[in-house]
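We begin with a single chain expressed as structure tokens, specifically the form predicted alone.
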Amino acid sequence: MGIDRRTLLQAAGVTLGAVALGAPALAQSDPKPIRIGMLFPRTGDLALLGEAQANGALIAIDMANDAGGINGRRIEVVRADAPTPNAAVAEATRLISSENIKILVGSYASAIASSVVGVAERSGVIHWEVGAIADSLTQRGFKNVFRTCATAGQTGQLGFDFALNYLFPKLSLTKKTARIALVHEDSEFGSTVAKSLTSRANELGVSFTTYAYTKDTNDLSPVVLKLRDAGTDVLLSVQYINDAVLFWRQARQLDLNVKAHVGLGAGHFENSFPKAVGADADGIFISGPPLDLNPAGLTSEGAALAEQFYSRYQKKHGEKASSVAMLGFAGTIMLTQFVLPNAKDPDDPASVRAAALAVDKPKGSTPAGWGVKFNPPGENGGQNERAFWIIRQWQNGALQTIYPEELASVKPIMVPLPEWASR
């Protein structure tokens, strides 16, 4: 049966009409989102800092989505609670198998991250670590694990070098005369930092005394008394927040007077520390994550990102961002700004991995002052080799950046620390 011209035009008109009607619907439909699993402690002892780090990470996600997404695709976050290593393994497995997640972002605590990275590696998905610092995370030969921040070993080495090169001259101490002590909790975090510090001290020919204790202890007076009786000049400590507060309160009660105290890690750099011990926090140095850097030490890109982060965080949460939140933001903004836009397929871990390994940003490019360059698979593979810690000091209830000098905002105070009787 033949089809005449009129019939053809009518048919064409129907077809074109259908296309015309359908076209706006297609144009308005959203492309499939990029789904990211976010795994932090939301309950339990680590919830406070875990949530703070997640809040920083979510600011980076907000910025990407507000700018139109990743090449037009919004990021959809699937949250999970990881209060313990066992829970972290269960939730990581659920996100990967049930939610089909290809990128996990986490995890704040080293014990949690140490469990999750194995799950991610076996499952062939990316684990993007923004806050856990145990050196071992990137020393297991995994190809799917990336860490954006510096390591526990680096915080110990920086704190020790700062004491030796900066504090010793001001305190008229020498390698031979100084009585140095290290106090640390005995989880993987504390033990790793202690190990790196010991290695550094051996390299420099400096001896010191070590006191380890169980993380969940409720009495540190035996350690405090030993330090007092030994006449400790310079104290280095590796503690979480609860034991850091307990230790410093008992140091005052038992009149432990040291000339300088350098905290190495999580226990001293959150606002919860001065809230708990008040003005007694003043004068303590911290080797830890960057915050409130001098913008002159950043590139224009890094300075702009920092300004947006501080502004958005204050507006969203009604308080100033902490250094733990900065770790979450700085790490996640690397993923959303430098990696995913350049991945051929953001849903394919191999593409994401290739894009991550291709990033090459100089120092100062991020709001944390870091550059970005991930080590290739192998020894320490996936570690951002351009991340570093800084030295800050509590001054009048606020942490101030004092080292390195190009990022410093103020000069140090209270060197030496006044004795408790005069504070």
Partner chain sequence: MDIFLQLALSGLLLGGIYGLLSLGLTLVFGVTRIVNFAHGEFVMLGMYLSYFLWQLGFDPYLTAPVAFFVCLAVGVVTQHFVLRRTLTMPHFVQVFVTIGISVVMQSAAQLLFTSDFYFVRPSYGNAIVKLGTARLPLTMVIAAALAFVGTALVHLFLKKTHIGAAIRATAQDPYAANVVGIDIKKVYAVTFGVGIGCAGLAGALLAPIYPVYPTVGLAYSLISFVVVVLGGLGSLPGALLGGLVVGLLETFSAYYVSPEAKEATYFTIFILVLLLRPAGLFGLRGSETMGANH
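Numbering follows the first chain given and starts at 1. On a predicted model such as this, the values are computed, not experimentally measured, just so you know. Only the largest set of C-alpha atoms that superpose within 1.5 Å between the two forms is called the rigid core.
One more form of this protein exists, namely the form predicted in complex with its partner chain; it is left out here, but the text below deals with it.
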Please pick, from 296, 225, 204, 304, the one residue with any non-hydrogen atom lying within 4.5 angstroms of its partner chain in the predicted complex.
225
Answer with one of 316, 320, 275, 344: the residue that has a non-hydrogen atom within 4.5 Å of its partner chain in the predicted complex.
275
If we define contact as a non-hydrogen atom of the residue within 4.5 angstroms of the partner, is residue 219 a contact of its partner chain in the predicted complex?
yes
Does residue 213 make contact with its partner chain in the predicted complex, using a 4.5 Å heavy atom cut-off?
yes
Spell out, yes or no, whether the shortest heavy atom distance between residue 188 and its partner chain in the predicted complex is within 4.5 Å.
no
Would residue 62 show up as a contact with its partner chain in the predicted complex if we use heavy atoms at 4.5 Å?
no
Only one of 129 to 137, 164 to 172, 114 to 122, 225 to 233 has residues with a heavy atom within 4.5 Å of its partner chain in the predicted complex, and that stretch is 225 to 233
In the predicted complex, do 407, 410 and 414 all reach within 4.5 Å of its partner chain through at least one heavy atom apiece?
no
For a quick check, can you give me the residues of 233 to 247 that have a heavy atom within 4.5 Å of its partner chain in the predicted complex?
241, 242, 245, 246
Once the core is aligned, does residue 296 move its Cα by at least 2 Å between this form and the one not shown?
no
Quick one: core overlaid, is residue 190 moving 2 Å or more at the Cα between this form and the one not shown?
yes
Determine, after fitting the two forms on their core, whether residue 270 shows a C-alpha shift of 2 Å or more between this form and the one not shown.
yes
